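Given as structure tokens, the chain that follows is alone and in the form predicted alone.
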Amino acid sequence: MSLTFAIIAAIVLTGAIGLSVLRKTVHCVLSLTIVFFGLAMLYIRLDAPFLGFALVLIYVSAVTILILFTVLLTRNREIETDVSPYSRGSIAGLIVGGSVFAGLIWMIYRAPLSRGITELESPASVKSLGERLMTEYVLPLEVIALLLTAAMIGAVIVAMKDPG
């Protein structure tokens, strides 16, 4: 195991623990952003830079910002004092997360190492993906953009208060 992998794994685990332990939704979303960045770094480390940068562009910039705006626009304005920043179920969350992690590790070690791994006939390049996205898949791309815009407008409408 290399040092860079250990650092990236520590970043992802720190974000995941923060995601399951913290109480406030905004802090959980920021922890999720740390996990997304760590996974993007892991993909870049595994020589899949397009996948890593796509993860940053799609999840970190679009989905996380959408979640943050939705949470910030629709949350209650009541301020809680004398409340711990950690969730009441943080111990249970850590136990469930640890057991899922242990189950995944157990399944990975039981799986055969080379089960019919074949190489792709022609690996997709970033140029060919971009060309297909802007020619063949323009309509789905525009529909997704429209849906994200509608979700953002919906969050603003829900957050608006009636003047009366």
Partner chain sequence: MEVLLLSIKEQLVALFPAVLQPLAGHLLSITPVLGVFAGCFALTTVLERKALGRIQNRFGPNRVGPAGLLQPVADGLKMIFKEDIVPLKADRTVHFLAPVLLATTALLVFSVIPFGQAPDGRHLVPVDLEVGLIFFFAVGSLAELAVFMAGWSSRNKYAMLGAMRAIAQMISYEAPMLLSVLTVVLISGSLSLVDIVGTQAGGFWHWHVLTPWGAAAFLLFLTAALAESNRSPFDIPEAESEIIAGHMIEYSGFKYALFFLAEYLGLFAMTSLAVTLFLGGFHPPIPQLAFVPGPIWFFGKFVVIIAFFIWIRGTLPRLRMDQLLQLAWKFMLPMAVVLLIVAAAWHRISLTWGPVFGWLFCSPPVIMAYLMLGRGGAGKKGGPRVYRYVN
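Since the model is a prediction, treat every value here as computed from it, not as a measurement. Take the two forms, find the largest set of C-alpha atoms that superpose within 1.5 Å, and that set is the rigid core. Residue numbers count along the first chain shown, from 1.
Below, we refer to the form predicted together with the partner chain, which is not included among the displayed structures.
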Study note, to complete from the structure: Taking the partner chain in the predicted complex and a 4.5 Å non-hydrogen atom cutoff, the residues of 7-46 making contact are Lys24, Val26, His27, Leu30, Thr33, Phe37
Point to revise | Core-aligned C-alpha movement of Ile17 between the shown form and the other one reaching 2 Å | key: no
Review point. How does the C-alpha distance between Met152 and Val21 change in the predicted complex compared with the present structure, closer or farther, given a change of 3 angstroms or more?
Key: farther
Check your understanding: Against the shown form, C-alpha atoms of Glu131 and Ala62 in the predicted complex: closer or farther, for a change of 3 Å or more?
Key -> farther
